[in-house]
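The chain below stands alone and is given in structure tokens; this is the form predicted on its own.
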Amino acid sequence: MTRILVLGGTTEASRLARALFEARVDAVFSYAGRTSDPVAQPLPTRIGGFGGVKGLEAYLTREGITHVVDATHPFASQMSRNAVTACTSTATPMIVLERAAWAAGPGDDWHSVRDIDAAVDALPDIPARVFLAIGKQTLAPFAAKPQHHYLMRLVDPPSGPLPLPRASVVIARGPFDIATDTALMRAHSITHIVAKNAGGAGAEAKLFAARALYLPVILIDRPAMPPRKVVATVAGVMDWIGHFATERGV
């Protein structure tokens, strides 16, 4: 029997959950637990970490998981690396559902950097007003440039003091549209944007707004990952699952 573990958290993961449910495929959806009110899924859902590679290996074996789909955020690198290691050690087939990275177009003023520290270095030394569109996990390095005012848009209110001395927070959940993001940047007099190259349509409005407002974007490259089978669509994942089912005569 086929039993799928979906490592979720993205819009694409939610679309896959719906497709698996409608196809009556036995599957479990897993959230990392980073947000307090995750999107409800039609599949049985677990929330929280696995306890590293060993914990994930134990879960795959205990729950009879036959296939794993990594549909986490492109920057959830530790979870993705753990999944590769655990699936390799347990001989569990794994596929990655990953949206394509964003690519600059005419009128864009993008500056690609390798990581968070490089993004900090790329900001100017004179005071600026920076839209930090990077989530809440990697804010602390920007304290190295306290002269800037930082705007953050978070899904949940901060649970404690922010590591930045001059900051504003907007609580909102995407997807966002160009008009809203343009108005947000104008209202806060934004001069620079820092974002992760996550790809997808749900968060790209800020890039179109930056183009319209002639704002520079410091775009953080995706982390390097070990070799994996990657597809860009839910249909690609379903075809992959169907291939295994056909091989087994299911």
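All residue numbers are counted from 1 along the displayed sequence. Since this is a predicted model, take the numbers as computed values, not measurements.
What comes next is about the form predicted in complex with a small molecule, which does not appear here.
With the partner omitted from this view, the residue of T66, T182, T35, T45 that lies near the small molecule in the predicted bound form is T35 [heavy atom within 4.5 Å].
Proximity to the small molecule in the predicted bound form, defined as a heavy atom within 4.5 Å, singles out one entry of H111, K145, R99, R129, which is R99. For the three marked residues, S14, V39 and G202, a heavy atom of each sits within 4.5 Å of the small molecule in the predicted bound form. With a 4.5 Å cutoff on heavy atoms, R173 counts as touching the small molecule in the predicted bound form.
For the chain shown alone, H192 is not a contact residue for the small molecule in the predicted bound form, no non-hydrogen atom being within 4.5 angstroms. In the predicted bound form, L164 stays away from the small molecule, with no heavy atom inside 4.5 Å. Using a 4.5 angstroms limit between non-hydrogen atoms, Y31 touches the small molecule in the predicted bound form. Checking 90-98, 173-181, 119-127, 103-111 against the small molecule in the predicted bound form, the stretch whose residues place heavy atoms within 4.5 Å of it is 173-181.
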